[in-house]
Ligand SMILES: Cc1ncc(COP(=O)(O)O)c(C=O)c1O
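Heads up, the chain below is alone and in the form predicted alone; it's given as structure tokens.
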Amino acid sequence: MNHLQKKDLKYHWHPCRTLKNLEKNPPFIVKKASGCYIESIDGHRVIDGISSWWCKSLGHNHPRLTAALLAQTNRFEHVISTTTTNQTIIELSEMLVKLVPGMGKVFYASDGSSAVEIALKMSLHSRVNQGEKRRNKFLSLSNGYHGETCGALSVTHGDNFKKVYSSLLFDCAFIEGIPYVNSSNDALWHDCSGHWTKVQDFLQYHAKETTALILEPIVQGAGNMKIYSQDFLKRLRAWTKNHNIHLIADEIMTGIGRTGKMFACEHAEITADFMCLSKGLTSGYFPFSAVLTNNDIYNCFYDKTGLDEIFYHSHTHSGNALGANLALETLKILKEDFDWEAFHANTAYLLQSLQKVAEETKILSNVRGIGMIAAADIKQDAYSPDRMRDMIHIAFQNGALLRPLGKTIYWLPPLNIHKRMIDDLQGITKRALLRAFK
């Protein structure tokens, strides 16, 4: 370790790391980042194969986004949004609403988990304002992830994230039997009727007390990048409508083009009652999130004056002008100055490249992908946590930042990655797998 790494470990508590293991594999000291690359102070350059926790949709240090940030800083950086507004937030709100049919209003926060909390609270609060106090439960998908604040964690599935904090959380019912697919070419993608009967029986049991069903549309990110049937999503939306249950679409990872559509809900041609956005919304430049909802929800609060009727969720930086201008510029770039033809060609190439790694190494199975996401699982007889850690380290030494999820390795690079960088990812991943799992 160099002196900076030693000082970092002395004072800095890193998230999601086995802390003692940091001494063996100390953190990479970043000097600069540009496009799909991150560079250390000693000149070592790596491809950001995970978009820095899935948020760098347009890569690092995009010139238009940097200019937008500086331009807004020169005007003003933040003013309380409860009693003021500005041209940037008005334009962004209008653009977001027009992007999603059926939506009418946007509520802003600081990060993805906060957006989920807002959607959960809005749904529940709207029921109270309508006199539907019996509707106070939530449904979610097994294997789903929605964040690590208490409400978001309550509707997240799996003990890995929540077991220690169970005394802080509320109960949530989780839907099993999800029809997973490897691509949009799978038969289940188009018709999951064989899976639906059992799921429908479970849903009916919870129908009368449920206020909302929350899900990650199409791709479950932290749940090992599993992809499920668009027909399943379509059926869930129809069921929630028929039973007066809100649908909350957590598009924090899947939104802003990641799955090949602007929003993953578009694969099933559905609109939710709430849509949560963050991560790629500002291309990871700034902590900023948004909750879109429809005017029916808004009207549940419109003429209310009682202290228990007004929606109190007062984030200090709600509607922060720096984040708003970055989000606005991100959407303008994707609309005006993004090569969608190259993107779609590269998404197919990304999946083909990982399939090639699987064929040549014989170490991977269940190769899957959609949009700018490709994932595969280490075969059971080959996997060990130590080997996986070795693979990460070898890949990093060879020029790629990867961060597997359990037994799953995945590529989730910026949307504007070039084909030659995908070739590099392929070669680096192959070499790392062969060395670590030999």
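Remember, predicted model here, so these are calculated numbers, not experimental data. So that there is no doubt, residue numbering starts at 1 and follows the sequence shown.
Although it is not shown, the form predicted together with the ligand is what the next lines describe.
- Residues with any non-hydrogen atom within 4.5 angstroms of the ligand in the predicted bound form fall in just one of 315 to 323, 88 to 96, 251 to 259, 125 to 133: 251 to 259.
- By the criterion of a heavy atom within 4.5 Å, residue 410 is excluded from the residues contacting the ligand in the predicted bound form.
- In the predicted bound form, the ligand sits within 4.5 Å of a heavy atom belonging to residue 111.
- Heavy atoms of residue 145 reach within 4.5 Å of the ligand in the predicted bound form, making it an interface residue.
- The closest heavy atom approach of residue 279 to the ligand in the predicted bound form falls within 4.5 Å.
- Within 4.5 angstroms of the ligand in the predicted bound form, the stretch 188 to 220 places a non-hydrogen atom from 216 alone.
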